[in-house]
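Two separate entries follow, structure 1 and structure 2, each one form of the same protein chain as structure tokens.
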Structure 1
Amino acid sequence: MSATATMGDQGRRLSGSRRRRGGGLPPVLLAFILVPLLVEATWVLWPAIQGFYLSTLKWDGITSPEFVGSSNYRAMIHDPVFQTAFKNTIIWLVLFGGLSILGGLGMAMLLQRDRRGVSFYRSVLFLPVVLSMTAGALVWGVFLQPDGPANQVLKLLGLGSFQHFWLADPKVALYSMTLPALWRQIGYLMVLFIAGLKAIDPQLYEAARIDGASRWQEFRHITIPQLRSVNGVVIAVTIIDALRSFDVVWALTRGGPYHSTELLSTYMYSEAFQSRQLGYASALAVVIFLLASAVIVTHLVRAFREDSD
């Protein structure tokens, strides 16, 4: 009887000791988790929730807000400026996003190998990332003026028929602004792709060459699949950057002429701080959030399905 009780006490002490060793996280580790979570909830999640609430109000920021339900969203359907901004945002997402990914991958393929002078070219391409986009856009604004270097170069090359009022012609203004935006984004994506390319095992290429694979086959069957994890990051970053593009458009055209370069981000800003329609601007912000979420979730679902196959 006594031996049984002693064994029971030892078992309870051992169990309690195991719980003390395995139960709960160390306080320092717990602080590293909870503090960033609290900061994120205070400065990101709570304002986002407030944004959803503000989108149901009619409010100029001064007088008392009035609850209008889904009125702001229904007003968008009949708003021609919103329709133009939404269409331009989709064009910008495809054009800016697609060209920046292709350009970043192309530059990474050219500059991935450590050769003499390659660091200089990498630095030149990455330099726009550390510069202010607004300052860079103002320089590009001078370059794209009617009597600026762009038209002068075309004239010297005998291509005078291609001269345009690049930022004043509604037909080409949106496309002209992709050049300054790409100037900055390609260097950033190049760095991400170079990191991914350097992680690929060189033996895969050696084995492919022994089997007689061409450069295109190596790129298609080795490089692209091996970059799958990097591609996910690049696509997510590019989508977010495309949808929040504001500085380059605002510095060059402010959404004009005649709203031909208006994006959802610039329209949201003008509605909030120029027209003082904070409720309508919040509804535009919700649309941007939903658009970004839909594109990213669609891509992630497709990526997971390819991984599972």
Structure 2
Amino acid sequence: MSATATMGDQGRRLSGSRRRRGGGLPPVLLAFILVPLLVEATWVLWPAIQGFYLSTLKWDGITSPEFVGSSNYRAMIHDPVFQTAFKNTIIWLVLFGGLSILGGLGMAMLLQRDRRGVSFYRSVLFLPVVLSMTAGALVWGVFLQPDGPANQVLKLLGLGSFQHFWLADPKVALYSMTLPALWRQIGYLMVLFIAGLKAIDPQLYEAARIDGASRWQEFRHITIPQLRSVNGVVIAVTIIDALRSFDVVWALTRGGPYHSTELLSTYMYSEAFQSRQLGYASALAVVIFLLASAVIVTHLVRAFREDSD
């Protein structure tokens, strides 16, 4: 922190002396910023704004669009599939998000110290991160088939009554799908948490140990507060990943059976590119956007308040 602060001071001093000499910023710098910004603005920022506008249209993408105001949003309220997708998205956010953070933190705590074998363990846990989510989902898809190992093992253990059609039973399909998602996400979050844990000053722990703090007290009063900046990143990343989750569902069930695994993202995609309801799909995308912003903004506001305490 202090290092960056000095950097900033020096930067200001440097630019100050430049300005006094009468030279502004070199014009080529403008291009350095504008070219990347323009690419992003054209392909991301402007389309995002357009997404809001499209959500007020009734449009199939071929005939000319018709302005319908908020009627897409009103239709949503009475749309049972939307209700299911919304509910599932919240479940997914809490379950997938919560468990991946707990799992990632747990693994990071176990593997933070550099000792023999640790880098191998880290690599194994990280390996799924380099697969595509689709591949990851298919890996587990094999596992969860009716005649697959999941059911076989249950039968062997005498737990035959727990056997399920994991991906075809509307009651359990959504929960089954958290397995591949968690399998992939935990290694990713583990790396972020390890980075955070390594940045904690070991003297804090030494001081706590001398004061006779228990392991739990150390965790509660040093580790968690010291991880604050990483927690912010992790929570933002997790929420966004949870809300944009698409590949895993698309690979395993496409939202079925009977929309029981439908997430807002999959419903949005099928409304857009299969039912060709571009306006309605845009409205669904806006809901995803608003959910993401709401959760992130609430979290940032809270983190901010804690910071100023």
Partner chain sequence: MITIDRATEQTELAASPALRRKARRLRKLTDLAFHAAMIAICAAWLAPVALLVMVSVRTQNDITGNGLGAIPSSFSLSSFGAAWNEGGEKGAIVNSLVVAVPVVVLELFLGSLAAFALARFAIPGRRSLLLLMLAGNLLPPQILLIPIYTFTQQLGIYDTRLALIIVQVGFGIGFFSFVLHGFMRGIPRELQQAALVDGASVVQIYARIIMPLTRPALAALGALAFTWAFNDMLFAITVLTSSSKMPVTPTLLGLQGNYVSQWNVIAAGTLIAAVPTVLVFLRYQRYFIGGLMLGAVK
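Numbering runs along the sequence of structure 1, starting at 1. For the two forms, the rigid core is made up of the largest set of C-alpha atoms that agree within 1.5 Å on superposition. Source: prediction; values computed, not measured.
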* To do: Tell me which of the two, 1 or 2, is the form predicted on its own.
  => 1
* To do: Would you tell me if residue 273 moves between structures 1 and 2 by 2 Å or more at its C-alpha, with the rigid core held superposed?
  => no
* Post core alignment: residue 36 C-alpha displaced by 2 Å or more between structures 1 and 2 -> yes
